[in-house]
Every structure is written in C-alpha cells, then in structure tokens.
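We give structure tokens for two forms of one protein chain below, kept apart as structure 1 and structure 2.
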Structure 1
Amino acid sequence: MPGDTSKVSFDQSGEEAVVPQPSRRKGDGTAPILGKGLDVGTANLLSGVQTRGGNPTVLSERNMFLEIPSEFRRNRQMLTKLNVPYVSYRDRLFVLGDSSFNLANMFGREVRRPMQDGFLSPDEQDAIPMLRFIVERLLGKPACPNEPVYFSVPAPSIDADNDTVYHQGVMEGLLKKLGYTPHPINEGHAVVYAELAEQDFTGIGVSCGGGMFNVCVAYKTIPAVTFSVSRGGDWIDQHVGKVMGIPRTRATDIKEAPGVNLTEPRNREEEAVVLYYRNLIEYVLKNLAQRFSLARDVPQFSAPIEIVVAGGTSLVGGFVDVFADELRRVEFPLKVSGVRRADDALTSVVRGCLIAAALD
C-alpha cells in the first residue's frame, strides 16, 4: 500500500480479584528460561519470558482501569460471567486493562491511568495498587525465589522537569513484593538490544510510547546518550478528542482503527489524527536535533547509522514515511543511513529486556 512502508533508506548525505490471563502474543509452548522482562509503558504493559525453543512468550495489557458501581451484586456476577478481569479494592470494584478500555469506549466514559507522561501519575491516588494488580497478572508468580526481572524505565526529559528516581524506586519495590529481583533498563536502550543486533548494537533506538518518546544512541551496546521527549500517543489522543468534541478513549479508538494511514486520511477525524501525528514527530525531531547539536557526549560514528522506531505509537500506517520526511527537514547532526520500524514494534522493548537479562 502506498505510504505504508516500514523502512525508509537515505543516502549518506541524508486484593480480591477475578483476573483471567491476558492473551498470549507469541510463544512455542516449551519450557521457559529463568528471568523475565517487563515493559512498563504509559499506555501498555507487556511481560515476556524466553523459552528454550527460541521464541519469547509475551503477554500484553492496557495500563488503565475503570471504576464501576459496586452497590449491586449483579455487577460482579456479570463481570465473572463475561470473563472480564476485575478487582475489589477497598470496597470498590475496578475493571482492569483492555476490558476497561472497551467498556469506557462503549459507554462514552474516560478510563483512569496509573501512569502519565511516562511516569507514575501524581494525580491518581489508586495508581500504585492498580498497577500492582495488572503487573501481577502479567508476570505471574516467580519460577524460583527472587527470579530476576528486567523492567523498562524512562529517561529524563529534555523538555520537562521530571524525576525518574521515585518512579524507578516504586517499581523496584512493587516487583520485590511480588517475589522478584528487579533490574532497570532504559527504554530506548531496550529497543537497541532488540532491533540492532545486525548493526553490532550500534545506532539509535526510539521507543514511541503513549506518554513520551525515549531515545538511546548506542555504540556496540554501550548507551552513549539517553533522553526522552515528554509527548507521545496520549498527547495526540488528548488534542484530537478536544478538537473533535469526543472522549479521549474514542480518539484512541479512531487512531488505532485498521486502515488508518498518515499519508492517506479518509475522513475529518483521521485528518485530525494526521495533523497531530505530524506535529508530534516534528516536535520530537527538532528536540532530538537540538540535544545532539549541543551535546559533547554524542559519539562520532565512522559510518551513517540507522534509526529504528518501536512502540505502540509507531504502529499507525505511514509513520515511517512521515518520520523520514520530517527528518529531512531538520538539520540533524548525525549521518543517518535510514529509518525503519521494528518488525514487531509493540513487543520490542520487552524483547530487549529479555536480551539484557540473557546478556547479564
């Protein structure tokens, strides 16, 4: 399909719970290898375990929840009958993950989010317990006492004042309580591990998430520069919902609908999606170029390097085309051989976490 390429090349100049298991994305059913991965994203949470057959088994769930009235017993009975994951917490009833998004979209309501802009939400009082419920559901019990789990953490933003210490510390404490030994890894660095093996783990990995874009410039596995930009897919949803006069969950549904392509919008709603996508990519690249041009820690590569993008926000059709087009418009200080999207962009970070665990 025109405008739907996944790679663009340049020349050298350019507490009580009923929680059914989430659906499996990959796996071969063979015995797992010790150690797990966890992608802690604003919009999605993914867990992974490597199997001896070579293919990781990945579970995914939206990082959100919805509170529903608990006065009537029939609510619980209905949720149980429909196999909808829920928890009863402090005499309140919460639907978790994908099911909360579907219910909210169906009834025109907004979901609640444990994380905001890549970090734990300071305005959400139930953030930590709800996050714990979803993470516990994804990871399951440790295969042995203190099983290692490598989890993704964001980099400090170059355009916002945020603190990674609290977020990382809370996640480490949560995983320890579940019986794991936590190991943090930068989100962009995880993309490098997952996608740049053939390039000797040298290049730029960009994780395009719901809350932010995380970037890692690496040389032979070593992260030379890591940082983030505090805009992502949620920023698009927020603005599309505002200009269209619709709930943000509905804007998310429009953005993620099959056939949406940034180079070929089909209606007014998709035109709004395209406008904010292009504005977001332009904003990200200008900030990246400025960060690189001012930094003294960027390595001097002897040959052009590749940029690989991953994450849920990169899944829309035409994303790589628009990214490459906007890259040509900025004065980028590094020589780039091309831009491509990861083959399985949604699982890239969690697969990188598993590779880091294996290398360690």
Structure 2
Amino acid sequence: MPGDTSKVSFDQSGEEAVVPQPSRRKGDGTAPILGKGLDVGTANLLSGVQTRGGNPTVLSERNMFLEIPSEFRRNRQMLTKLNVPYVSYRDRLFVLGDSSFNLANMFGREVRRPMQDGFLSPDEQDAIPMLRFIVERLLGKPACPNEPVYFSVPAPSIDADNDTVYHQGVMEGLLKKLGYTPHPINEGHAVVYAELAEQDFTGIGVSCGGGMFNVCVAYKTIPAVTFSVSRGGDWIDQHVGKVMGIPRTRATDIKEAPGVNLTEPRNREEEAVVLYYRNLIEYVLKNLAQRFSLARDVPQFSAPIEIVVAGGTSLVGGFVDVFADELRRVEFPLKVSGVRRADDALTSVVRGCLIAAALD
C-alpha cells in the first residue's frame, strides 16, 4: 500500500523562501483566553475554546438532523438514556447531529441538513432553528456577557448563486441572541491564521470541506484573494455514486475507507473517486490561477509561497501528491514552494477562528 504524503516540496533551487522564525518574546501561553471559535461547515460544526495553556478544546457535531415521527414523541426519555440529543419544538421532535444518522434507518426517514454547499440551505425550512440548537449545544453559555465568537464564513462562490450576506446575517443573528458578539472570519483566512505562522501568514490556505473548497491567498496576514467553489466532498460522493450506479452514502464509505490512496486506486470505484478528486482540485487551481491574474492590487510575492490544505476532504491518502501533481499541470501565476496538509486538518478552521478571537 502506498504511503500517504502530507507534504510535497517543489525544487526551487536558489529560490528558497526566507522564512522568518518567530521569536518568543512574551506570554507563556497559560493565560485563559476569552472568546470562542466556531467552524460553521456544511458537514460538521466545531467550537473551540482555549483553556489554560495547552491546545484548544474542541467540541464537534455533525451538521444534520432528523425529524422523528410524532407517534414517537413520548419516547423522549429513552432518547436521553441513549445519549441522543433531541429538541421538541412546536409539537415536533428533532434529533440532532450524529445520532440522527444512526436513527434515520430505524424511523425510515432521511436525515436533513441545515446547510448545503457551504451556505444555509435555501430549501430547508427548519434550517435556522436546527442550526441554532446545534450551535447552542456546541457553544454553551457565554463566559461573560457579549463574549466574542469568531465564526467562519465562506467566501462568495464563483460557481453558485449563494449569498454570503444572508448566511452571515443569520449566523450573526443567532449568535447575538445566544449572548455573544459575533465576528465573521473568512474560512480560508482562518486556515492561514492557523497554519502559516512560520511563513508570516504569507501563502495560500485551502479549506477542503464537504460542501465547498475555500481558498485564501494571504500576504503578511492580509487576504489578497479569497473565493470558494461550491464543490467539495459531497460533490465527489454525488458524482461517484452516479457514475458507478451506487447510493451516495456508499460512495462516501468507499471514499472514506481506510487505505484509500488517490495515487493508487485498487478498484473501479476508487478510480472514480480519484477521477473526481483530480477534477475538483484542477477546477480549484484553474480558478485560483484565473482569479489571481484577474484581481487588481494583488501583492507581488518575491519568494515562492506555500500552500496548506485542511478540512475533511484533504484527509484522503495521496491528496497532497495529487494536489501537487495537478498544480504542476496548470499554468499557475505564482511560484509555489510546496504543498502541505495541516497536521490537524479537521480543526484548522476552528483554531484559526480561535486565534482571531484571542487577537481581539
């Protein structure tokens, strides 16, 4: 079985990026930091707090819910016993998060998702209340009145007619009502904050989620180009399912199975997974190249920059190799020193949010 690479460096003989080493001047890092981070993803919601010293504590929940048929309303105590979070609301009973996935078959109902392709789902009537319940569960009560929460928002999609204003407005409204002071932070930018300290926050952060890919090109902490594409892990599942004639959930299982490596597919299903992964990465890179050449006021990078990928979709084996491979194929306007996957790819965004909160 081929090994998984988490970093690919490009040979830039003589053009090594000068990476300033951060000097540790002040702060022993043990002081409790006020403020929370919230990664609002299509597939998963994560909240983070920085406790005394050490690494942040992260709470997570799948961004999905299930409506339980009304005849089971009386079984609420049983749900509690089974450690299944529920909300009974306006004479309807909902189960939240992971558990809804497990209970869906039992009740013969489909799980529903408050978000789609990175944004609040326009077709989901119960999206806002469900999102509220999940967020409330993850954040708990504010540590002090109007505690700041930095929450991730996607950049506008280049390929979908979604609206950041509406999405952001709803999230802000919910967080305010929960007693927090909400601050949006671009999802790709959060990755830059979390992963590019050694490069002085100069480089490209790519958040590879379930509903979308978010890209942020940053120059010395400042985002120069940000955009998103409304394709992600779900898009891969959907197309693999369609082309192989299998249900989407089965495609997800194939994709997430241990041992899958994009550089060495073992069967036709995995070949389909590779095909769509490649397609998606190529799509993102082409758009990034185009964006960069179109954008005005883009900074001139003197040295080659690094690309950091994060998010669940980047976890598949061989992702970094394929990303680097596709990068070599497109005409890319920037010199890239290497591609690397964040060490803790699933918490990158929430850590970035937390950094922004701590900086406040």
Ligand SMILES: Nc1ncnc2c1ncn2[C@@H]1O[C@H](COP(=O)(O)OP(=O)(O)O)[C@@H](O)[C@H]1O
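Please read all numbers here as calculations on a predicted model, not as lab measurements. By convention here, residues take numbers in order along the sequence of structure 1, the first being 1. By rigid core we mean the largest C-alpha set that fits within 1.5 Å across both forms.
Of the two copies shown, the first one, structure 1, is the form predicted on its own.
Core-aligned CA deviation for residue 185 between structures 1 and 2: less than 2 Å.
Shown in the overlay between structures 1 and 2, fitted on the rigid core, is a CA shift at residue 101 of 2 Å or greater. Put the two forms on the same core and the Cα of residue 120 is off by less than 2 Å between structures 1 and 2.
The Cα position of residue 110 changes by 4.0 Å between structures 1 and 2 once both are aligned on the rigid core.
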